[in-house]
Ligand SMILES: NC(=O)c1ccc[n+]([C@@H]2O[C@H](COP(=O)([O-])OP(=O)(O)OC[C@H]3O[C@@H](n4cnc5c(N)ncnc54)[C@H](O)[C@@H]3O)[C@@H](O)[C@H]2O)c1
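Next up: just one chain, as structure tokens, the form predicted alone.
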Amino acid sequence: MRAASINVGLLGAGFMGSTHASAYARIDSARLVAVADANRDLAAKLAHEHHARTCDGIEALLDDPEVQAVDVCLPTFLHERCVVSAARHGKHILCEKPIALTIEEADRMIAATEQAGVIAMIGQVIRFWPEYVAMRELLQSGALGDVQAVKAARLSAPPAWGAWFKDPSLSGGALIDLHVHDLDFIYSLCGMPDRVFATGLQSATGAWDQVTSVLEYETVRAVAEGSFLLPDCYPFQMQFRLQGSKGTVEYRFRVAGQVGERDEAETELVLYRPGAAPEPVAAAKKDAYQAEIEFWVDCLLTHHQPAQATLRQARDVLGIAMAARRSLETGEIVALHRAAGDSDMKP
């Protein structure tokens, strides 16, 4: 029997925490009951806005018996600590991307959640972004034929998300924080690549903040670019072109500022087929963050692990990013093991 509602504790009251809190306010089957952040004033403000209570730190929130599930929206270097501790407290977990900064951290997170038997998911929101969902559905329908090539880009001015974000040992820079979005969606369509080659630039902090990665498969070629090195006035942009044997679909997103202003973005999603006029493609109007959290909450209510955005999938994607970093550092093509069935697409 399904429970009426899931009580959620939110770790992190910054931009992403506020975004998730707003999503919970629109979901009848989840209730935000507690908020914690190192900045207690910020946590108190967000908690007050959503009729939740403020907890004094991570452990206080995890010790709260009313909290059934934890949403981790803290800086990346805190993900392992929070997820492992939440699992040991028996809490179900949604953790923002990227999963972690190293494969070893990801492995400890996977081990902790699987040993505890909790339902856990990584917030790879692009999998739930309506236009990306529409592109996936076109591919699954056969309208595009077989995938031949992918071109993706995610371009941004340096985000102002705190001092920690400028330290690559804490955030991973554009390679881990930004580029991972497109690496994950490509992985969801095509699985693990056979080879990765990357070229790019490091910022003054030593972070790889301009990256272009080439992912080679047996029959598919994918290129993805990510950058935090654009001028402050540069609009945030997402681009994704999925080229198939029967047709090509392309998505473009452009907005002044950052993704927080997504409701004001200029967007287009168009299908191109031989002998036909370009066709605008309709996509759902639901906010991607709300769709992502609804999916996770439904997994909790139905007591099953998510089929997508799992910790093991996120570990694979982090492995692709680590291969790109090795290529950036050495100039070499890096070979990867491609396991059968590692994409979300059905043969």
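What you see is a predicted model, and the numbers here were worked out from it, not measured in a lab. When you see a residue number, it is the position in the sequence shown, counting from 1.
The next section is about a form of this same protein that is not shown, the form predicted in complex with this ligand.
- Interface residue remark: residue 13 is counted as part of the site for this ligand in the predicted complex, having a heavy atom within 4.5 Å.
- The closest heavy atom approach of residue 113 to this ligand in the predicted complex falls outside 4.5 Å.
- In the predicted complex, this ligand lies within 4.5 Å of some heavy atom of residue 162.
- A residue is said to contact a partner when one of its heavy atoms sits within 4.5 Å of a partner heavy atom; residue 78 meets this definition for this ligand in the predicted complex.
- Note on contacts: among 37, 316, 294, 287, the single residue with a heavy atom within 4.5 Å of this ligand in the predicted complex is 37.
- Of the residues given (320, 311, 300, 58), 58 alone sits with a heavy atom within 4.5 Å of this ligand in the predicted complex.
- Annotated contact segment (heavy atom within 4.5 Å of this ligand in the predicted complex): 121 to 129, selected among 246 to 254, 269 to 277, 121 to 129, 145 to 153.
- The candidate spot formed by 136, 193 and 334 lies out of contact with this ligand in the predicted complex, as no residue has a heavy atom within 4.5 Å of it.
- In the predicted complex, this ligand lies within 4.5 angstroms of at least one heavy atom of each of the following residues of 86 to 103: 96, 97, 98, in sequence order.
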